[in-house]
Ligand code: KMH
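The chain that follows stands alone, in the form predicted on its own, written as structure tokens.
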């Protein structure tokens, strides 16, 4: 496939404001980041909500609606809100954005894992906001829970709202979870997978591991799936290049990596989108437009969302 879907993950719930002055968390800044990323060539933007006052992760329906409707007013880009949220949120809080806003696509986390951020405390000592240090410390005892009962509920809710699951795969065993959900009828082929690599507690970001994930997905799911990759930190660009060459898509953005290159902070996710597109064009590929991405992934269209 010569068209590559580039996703920009705008803010996430991993990095905190003290790590980069460019990390967006106010509603208007997230809207602006989405528009910049769209203009740079991204077909999809992935959105987390944050408290506009201090940047702490938020599940506020009001904030999500303001962000998504603000993006829709200015851009045709596909918007994929998170259902991962943060480790302080309940499953019901995490899923509320889908029930209320019925987006075209939303994340679907395919299994439980340790999700640890606490080692970054060795690098960052001074914090702008009181919540940041304790938030990062708290991940030492955090298990990111996505058991089968919750996966069934997530599947049913997304089916009812005609929201496409973007299935997040943090380790190879979670591909088997997807195959089980398909066999039970909770997920329908073709599925859309996103390999999330380099998170402490998940699969390391190596070429061998990425190729293994693709191979296991083909073994368990056949050829009836499409896939993207996102990788933490300095692995973002290397894993993306390998994945595109293997026939997959690519996620960049400040959620996954605060840097444009070694020692240089990215001022916007759009800068990373531009870099990714320069690379794929050198390799003979072109970025998909939002409407091309909708056709490739079978999305319902922006006119059928509830925001």
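Here the structure is a predicted model, which means the values were calculated and not measured. Numbering follows the first chain given and starts at 1.
The next section is about a form of this same protein that is not shown, the form predicted in complex with (5S)-5-amino-3-OXO-hexanoic acid (KMH).
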The one residue among 163, 83, 236, 174 placing a heavy atom within 4.5 Å of (5S)-5-amino-3-OXO-hexanoic acid (KMH) in the predicted complex is 83
Would (5S)-5-amino-3-OXO-hexanoic acid (KMH) be touched by all three of 38, 75 and 292 in the predicted complex, meaning a heavy atom each within 4.5 Å? no
If we define contact as a non-hydrogen atom of the residue within 4.5 angstroms of the partner, is residue 255 a contact of (5S)-5-amino-3-OXO-hexanoic acid (KMH) in the predicted complex? yes
Is residue 178 part of the interface with (5S)-5-amino-3-OXO-hexanoic acid (KMH) in the predicted complex - any heavy atom within 4.5 Å? no
Is residue 102 close enough to touch (5S)-5-amino-3-OXO-hexanoic acid (KMH) in the predicted complex, meaning at least one heavy atom pair within 4.5 Å? no
Counting only non-hydrogen atoms and a 4.5 angstroms cut-off, does residue 97 reach (5S)-5-amino-3-OXO-hexanoic acid (KMH) in the predicted complex? no
Specify the contacting stretch among 129-137, 155-163, 206-214, 191-199, defined as having any heavy atom within 4.5 Å of (5S)-5-amino-3-OXO-hexanoic acid (KMH) in the predicted complex. 191-199
Under the 4.5 Å heavy atom criterion, name the residues of 146-173 that approach (5S)-5-amino-3-OXO-hexanoic acid (KMH) in the predicted complex, in sequence order. 168, 170
